[in-house]
Ligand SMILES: NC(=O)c1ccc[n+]([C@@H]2O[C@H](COP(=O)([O-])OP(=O)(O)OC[C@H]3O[C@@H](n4cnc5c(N)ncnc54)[C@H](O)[C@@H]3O)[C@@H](O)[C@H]2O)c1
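What follows is a single chain, given as structure tokens, in the form predicted alone.
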């Protein structure tokens, strides 16, 4: 089967992580893409990514700086968009109008209005739009979903998603702390929003308080040699850019959200996302039902699920698989993680990151070749953005906010400034 000619658009840290994921899929013999172009207005970024393509695929892609130049490469069938979030909607819409299928990094769009433009373009052009949401692809999260679908803990009543840490440190990059670039509650929150709905179904209403605590953020990598320090950023790829970022900068995006969520099922959620917490940080995701509870590990950690049942005590380890005899991960996940019925795994984080991004690519390719929708399409991607903004809108308005009013762009008090900066 002829490979899908792919353009890689956005060649910074996330673009490099995506390429490493594509290479992981290639090594597993499952890659149906041919990366033929690296596109970034920052020439050095495109050159760097092109060198990695050559290393892993044995062919050098074209190095281009614009979408017009990308089109001139010829034969492009699909693009993977990993730019800064303000450009997601313009590039995805342009790609679809050029007749290309598109995968775009999260958040799908920078605002609910940007997402609406992307959804409209997908409908009008008939092109495929996939959102590269990675946490749900984790094999342990697949198992959690299977346990809930099987009704192991009965009808779900309550979910907790609580995480705190961060102090006054920069998270990966300056732009993640800027309201008009994708504030941290959106950039991280869409992951959590997607996972919450993946496990629990649709969120209908949010009531939240939000805060900006740390108005000055610090970058400990400023001016340092990235080869002389321990790489602690995701997949160890961001330090090369962090060294040139300022040592201190002003943060304009809220860094804490405290929310109550109501689900269509009638279940209730408690949500805490705190990126300015000092002292001991924590992580806790759990689901409670009529007959028991699931305590879930951190995403991409490979740690096991703990299941507590009213009549059976704690069930952990491989025994948890006995409760879902029909559970199997898809072929790509099985090949990459080494099993069809996984209850734990152990890989270095960078390798886990590559494998899960590889699964995103496998889904994107299969959707293109079969005509089926991608697992995370424009509607689902837009919902994750809407849930994150519903918290921020609720905080701004001091009232409960429905997901529908944000999705439909009827409530956009918090987003108005961002929409204006985007010119939409």
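Residue numbers count along the first chain shown, from 1. These numbers come from a predicted model, not from an experiment.
Separately, the form predicted in complex with this ligand exists; it is not shown, and the next lines address it.
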Exercise for review: Decide whether residue 106 counts as a contact residue for this ligand in the model of the complex under a heavy atom distance cut-off of 4.5 Å.
Suggested key: yes
Check your understanding: For residue 175, is any heavy atom within 4.5 Å of this ligand in the model of the complex, or not?
Key -> yes
Practice item. Indicate whether this ligand has at least one heavy atom within 4.5 Å of a heavy atom of residue 89 in the model of the complex. Key: no
Check your understanding: Contact between residue 15 and this ligand in the model of the complex at 4.5 Å, heavy atoms?
Key -> yes
Check your understanding: Of the residues 134, 156, 141, 219, which one places a heavy atom within 4.5 Å of this ligand in the model of the complex?
Key -> 134
Check your understanding: Considering this ligand in the model of the complex, which of 116, 231, 240, 191 comes within 4.5 Å of it through any heavy atom?
Key -> 191
Practice item. Decide yes or no: are 9, 45 and 84 jointly within 4.5 Å of this ligand in the model of the complex, with each residue judged by its heavy atoms? Key: yes
Point to revise | Option from 381 to 389, 368 to 376, 47 to 55, 32 to 40 whose residues, in the model of the complex, bring a heavy atom within 4.5 Å of this ligand | key: 32 to 40
Review point. Counting only heavy atoms, which residues in 279 to 317 are within 4.5 Å of this ligand in the model of the complex?
Key: 300
